[in-house]
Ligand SMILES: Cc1cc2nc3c(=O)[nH]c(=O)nc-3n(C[C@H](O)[C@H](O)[C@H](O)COP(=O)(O)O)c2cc1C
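Encoded as structure tokens, the following chain is the form predicted alone, with no partner shown.
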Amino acid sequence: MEFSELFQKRRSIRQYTGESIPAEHIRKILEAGLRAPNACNAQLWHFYVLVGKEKIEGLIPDVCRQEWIKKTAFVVVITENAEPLNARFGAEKGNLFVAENAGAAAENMSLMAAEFGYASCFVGAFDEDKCREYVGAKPEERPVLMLPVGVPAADVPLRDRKPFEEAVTILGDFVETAPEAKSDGPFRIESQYLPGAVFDDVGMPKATIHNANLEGARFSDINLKSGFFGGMTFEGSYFGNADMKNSTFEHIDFSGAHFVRADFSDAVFEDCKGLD
């Protein structure tokens, strides 16, 4: 999996199946965390890893109150000893650096978990003193961040981010040039946010669309014949003059959708709600 796909795949998930994860996967996820950048390469962190139902459920409710954690496969408690950095840079900078260290390590682990098909979620709301006692950390080790990881029970859609122009200010020379068309494969659009985009008279036969946010979109005069649609939400969508003959829909949410001049002759509905 290319990185451009991987970082889009990572989600903050709070619904898990309770299934376990192979030990070799856990180790690789932790090793990814240890390769994260950190201040002065001092590696002042320590990872306390809680594996198994008993150890994880013991966090609730004294250490933290996130009940969903109970169904994750393991929880990483990242502690940091800020004393060496505080002595060198002062407490304000030293404490900032160790927080950055923990965040970088957690992100590395989150991405490695996503590559394996697992999910994770940063947790910062917990009792530090009780957490330190629970994992048996040393007095100088401050629990900075908890990272639960597990098998996801839900596929959370990609959440919107602010437009590039709103979130980014570039200072200095920056001239964008249009990318050259690739001749060795199909046209690709990756990691783009296109609010208000208009596609008119566009041909995309055999196209593949992954992780697309089409909230509020309108579809009219569309040929989706023989397509496959799985795990999609069309809640509140509008379809006009759409040809979906011989298409397959699996785990689709059409609640509140509006169909105009639709032909459902010879359609087959299995285990569907709201067809009374």
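All values reported here derive from a predicted model rather than from experimental measurement. Note that residue numbering follows the sequence shown and begins at 1.
One more form of this protein exists, namely the form predicted together with this ligand; it is left out here, but the text below deals with it.
- This ligand in the model of the complex comes within 4.5 Å of a heavy atom belonging to Ala125.
- The closest heavy atom approach of Asn38 to this ligand in the model of the complex falls outside 4.5 Å.
- With a 4.5 Å cutoff on heavy atoms, Ser12 counts as touching this ligand in the model of the complex.
- By the criterion of a heavy atom within 4.5 Å, Trp68 is counted among the residues contacting this ligand in the model of the complex.
- The single contact residue among Leu111, Val135, Cys121, Ala104, judged by any heavy atom lying within 4.5 Å of this ligand in the model of the complex, is Cys121.
- Note on the partner interface in the model of the complex: the residue among Arg159, Arg188, Lys162, Lys206 having a heavy atom within 4.5 angstroms of this ligand is Arg159.
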